[in-house]
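Single chain ahead, written as structure tokens, the form predicted alone.
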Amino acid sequence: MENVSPVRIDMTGTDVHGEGEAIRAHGPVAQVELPMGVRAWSITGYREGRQGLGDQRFSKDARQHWTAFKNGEIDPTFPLIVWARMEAMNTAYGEAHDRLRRLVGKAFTPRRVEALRPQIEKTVTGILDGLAQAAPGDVVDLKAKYSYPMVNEVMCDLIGVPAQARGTILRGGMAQVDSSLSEEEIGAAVGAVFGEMAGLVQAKRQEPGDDMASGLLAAQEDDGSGLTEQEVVGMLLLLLGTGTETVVNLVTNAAFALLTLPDQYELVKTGRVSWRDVIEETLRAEAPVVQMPFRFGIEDIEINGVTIPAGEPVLMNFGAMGRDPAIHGATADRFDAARANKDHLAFGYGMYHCIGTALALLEAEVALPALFARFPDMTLAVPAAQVGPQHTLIMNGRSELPVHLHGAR
């Protein structure tokens, strides 16, 4: 079965949920069109997404398994070309992926993640103390002044990024997920961040520290082989990118939901739902990642009666999967922290499941209650309709979150 009228993907992400519904109208597995006429598939169904994510016949290695890319048929200025050229754990396949994941997994054991709680709490308290200095009537952008610095400080500390390199490295990470940028803009930002991270790796070789960069450099396989320089740099950039922007969106989206839905905030204040309920519902209804490039079948794969030919690109539409009416009924598009079923795939599933899930949940579980406890009466500073989207097909976030804090406790 083939979709004869594919939806053209909006690279600026103006209405990611509306687009997800438009794709779903052609079925839970449907063709879409990317810039320059590149055809792809988008999976919007929850069950279909879980099947696809769990199917090890789907690779993320474009160099091996994207037929058009291997044949030189993709224009080098294609806006998402960076996702095909990327060499890191999230684009490796088979034993190469398993090897890298085993090494990185050592930094994300439950014990090591929980050990980060005091530092995260300290970071959150420090940022909130700074926000409390705002003058009455000041407009504060919670994304720029709270979510972003909190998450980035945690990840940069974890990886071992020095203060003087953080600006360049973080801008490069954001560029990789901003599909509204030109190929030249992305290339310049990514080039700069690779240079900074390569310098960091060299410095850690000379003077190791108690951080992930040093740990990866010291890591050895059972046979004694270590990571290559390129693998270390790619791994650190992957962890920084996936561990920052996604959690920034999770915290910001949850705060936006509570600020725009007074009944939901009341549920939290009265204890009828927990903060974990709020976080899980945010992941379901406002998944931080919308459509993640790319997967490629190493052979023809059938999902729900649709055959995805080998070597064609597939987008996993996490935003639409969480809002699938087949799972969540007629209210699938509504934020309701009290709903019993909050099933989602926001962290993925299967072999590419997000390795930093526990850390992301911990950061949100610390940041959200602390924010609303310090500023329980804060309100949006503009009408909700004026809080614009992030303008990328990949991420689901707000461009800003302007609020009035109304004093601190």
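Worth saying up front: this structure is predicted, and the values here are computed from it rather than measured. In case it trips you up, residue 1 is the first one in the sequence shown, and so on.
Only in words, not in the display: the form predicted together with a small molecule, which the text now covers.
Residues with any non-hydrogen atom within 4.5 angstroms of the small molecule in the predicted bound form fall in just one of 197-205, 286-294, 136-144, 118-126: 286-294. Checking 41, 375, 352, 46 against the small molecule in the predicted bound form, a heavy atom within 4.5 Å turns up for just one residue: 352. Contact with the small molecule in the predicted bound form, judged by any heavy atom within 4.5 Å, is made by just one of 239, 216, 278, 255: 239.
Judged against the small molecule in the predicted bound form with a 4.5 angstroms heavy atom cut-off, the residues 28, 50 and 328 are out of contact without exception.
Though the partner is left out of this view, residue 97 does reach within 4.5 Å of the small molecule in the predicted bound form, counting heavy atoms only.
Among heavy atoms of residue 65, none comes within 4.5 Å of the small molecule in the predicted bound form. Looking at residue 150, you'd find every heavy atom of it more than 4.5 angstroms from the small molecule in the predicted bound form. Contact annotation: residue 78 falls outside 4.5 Å of the small molecule in the predicted bound form, judged by heavy atom distances.
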